[in-house]
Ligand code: CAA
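Just the one chain here, laid out as structure tokens, in the form predicted on its own.
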């Protein structure tokens, strides 16, 4: 009998700065409630020109390996899921491979399908282990992205940046995933895309929400069957979170699938049933997403970290659902079980201290970072200290069409 496979370690890493959504609302002449209540967001992480997909991925990978005492030599597969890569040919993963000091025999590649890339990496890693290719080794899957939208555009309050690293292994310490309950859905749609010539994405927002919900219906049906009842046995329901309110919309659809009919907005009983299900299964695990914003491929797994840091002991042995959606579109729905050892790692997973140390940008500084970031890929020289950065791995410019990265250590 095969041993269980799943997530053995996890960590989040983000930029050094953030923007308060109330400050952005004031600068744009918008009622703050439109962002804070309408979207469910409080702050969004903002990357400087010296913080890119590579630096965020390396930071998250280092944190996961160190916090869970994993030797880099144990990693036999590295997959980076991203929709904000730094090159049309060279994968982010190969930069990360070098900077993490992984073995040359480690299989390394990048996955791209909008926000679905990390889930694709997770399931591919599970298949790699199940096939016997791992030979006792583990896989490192990193979701790393920077969500950029233009200044003053409708998408501006749904930006964010960050990376989540997941170590996938047999006999995992955090979450086992049942391969028999992995369901998939794919359909070619134009709901969100970023052409080769653009640093910012284009989106049909209302259509994208509908595509997301249709994919939830399809992937769930493939995982557990059309008429299966799940919610009563689930301790938590985790969803892709482009903005917090979207996860709540998804859960409403999940509830409607189980009922076999739409909820009645005019019914007190229906409203109360939805509110109760949201408050117990969804809302508690959205606090990090509300503080960090949209991190594309990593947003689902950021919710997982939030759940594990808060409720791993209470939910030990309980089942949770995970739904990943990537525009374009591709999706996966699956079930996982919180392990009996997960609670031991709650403090190692918690990024609260790092979030508390972030620099709160004013609007002038935020807009400067955005404008400088638009030119960062072609800049020959970038100085991290000019953005208040002094400790970490940073992108410092492109010379002869080659990106350069430098490790900087603050004097102590």
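Residue numbers count along the first chain shown, from 1. Since the structure is predicted, the reported quantities are computational estimates derived from the model, not experimental observations.
Keep in mind that the form predicted together with the named molecule is missing from the display, and what follows is about it.
- Comparing 242 to 250, 226 to 234, 338 to 346, 94 to 102 against the named molecule in the predicted complex, the single stretch with non-hydrogen atoms within 4.5 angstroms of it is 242 to 250.
- Checking 355, 370, 376, 39 for any heavy atom within 4.5 Å of the named molecule in the predicted complex turns up a single hit: 39.
- Just one of 149, 185, 315, 128 comes within 4.5 Å of the named molecule in the predicted complex, counting any heavy atom, and that one is 149.
- In the predicted complex, the named molecule lies farther than 4.5 Å from every heavy atom of residue 303.
- The named molecule in the predicted complex is not approached by residue 120, whose heavy atoms all lie more than 4.5 angstroms from it.
- Contact annotation for residue 380: none of its heavy atoms lies within 4.5 Å of the named molecule in the predicted complex.
- Heavy atoms of residue 85 never reach within 4.5 Å of the named molecule in the predicted complex, leaving it off the interface.
- In the predicted complex, every residue of the candidate spot (31, 154 and 208) has a heavy atom lying within 4.5 Å of the named molecule.
- Along 97 to 134, one residue reaches a heavy atom to within 4.5 Å of the named molecule in the predicted complex: 115.
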